[in-house]
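A single chain, nothing else alongside it, follows as structure tokens in the form predicted alone.
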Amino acid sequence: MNDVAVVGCGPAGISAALQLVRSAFQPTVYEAGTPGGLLRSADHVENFPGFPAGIPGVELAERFIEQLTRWGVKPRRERVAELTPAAGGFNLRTARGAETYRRMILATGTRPRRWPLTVPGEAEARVHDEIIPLLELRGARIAVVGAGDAAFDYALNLARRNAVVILNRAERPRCLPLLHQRAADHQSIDYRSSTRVTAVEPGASGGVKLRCAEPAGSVELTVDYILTAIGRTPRRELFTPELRRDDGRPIPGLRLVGDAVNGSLRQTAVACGDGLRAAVDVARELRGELEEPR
């Protein structure tokens, strides 16, 4: 039986894996997507200690991966299909087969919340819920639907090379005041409050037409792309009922860390702290320093 696996290679999973290696354990790290997680989507990270001027999220993610590599951890690019309890540990199954581990750390992150509007097939390729496919655009007109930190962060990122309109269905934004001010000061960002998208249609020239309801009446906007930023939901499909205690907590030996359990508190420093603490406890359990697994 293997010692420990970490599912997810974002900040929480990376932090956990690094601490486990430092504690003389060799964790197996599983990641179905690109290592780095949601951090790759951040325009500029300003509250992670050690970078006085801030740092682009993708650059910080690359530094995390480089550090992981230097400690000899290479993520297995596999999707974990199933996780079940086993005698003394857990069975983990991917398309390539099954492994058994004594301890398990789930750092599975989040996924974008689905936009409730129906998007015609001809327009589907123009509507995105993650920013990464749009980062190479130049000279495009992009509508960002949402009004939280992510929406404004995405808009500021894309506005470096494109024209952006932020559509907020409410009267006031939900983002940090400094993000709101930066967007207001940016000449390539148009912010519209009380603007609710009611329909999406293919545009006449290959773009996308949005029908919107505003206090003064209905308006139409034509853009090249739409990016929705209307919230995220935790990826907890692996956390099945058989892995939960009666009170909903994970069974002994299993830990959930990072964005998968922290709700709207999606901050890199918080996720790293989660992963580090879980790894410290797991290492103590595996060495027999804790009487019972938590």
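Just count from 1 along the sequence shown to find any residue number. Because the structure is a prediction, the values reported are computed rather than measured.
Although it is not shown, the form predicted together with a small molecule is what the next lines describe.
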Using a 4.5 angstroms cut-off on non-hydrogen atoms, would Arg266 count as touching the small molecule in the predicted bound form?
yes
Is Val80 close enough to touch the small molecule in the predicted bound form, meaning at least one heavy atom pair within 4.5 Å?
yes
If we define contact as a non-hydrogen atom of the residue within 4.5 angstroms of the partner, is Ile65 a contact of the small molecule in the predicted bound form?
no
Contact of Ala42 with the small molecule in the predicted bound form (heavy atom, 4.5 Å):
yes
Would you confirm whether the three residues Glu31, Arg235 and Ala271 all fall within 4.5 Å of the small molecule in the predicted bound form, going by non-hydrogen atoms?
yes
Report the stretch among 183 to 191, 217 to 225, 197 to 205, 105 to 113 that approaches the small molecule in the predicted bound form to within 4.5 Å, counting heavy atoms only.
105 to 113
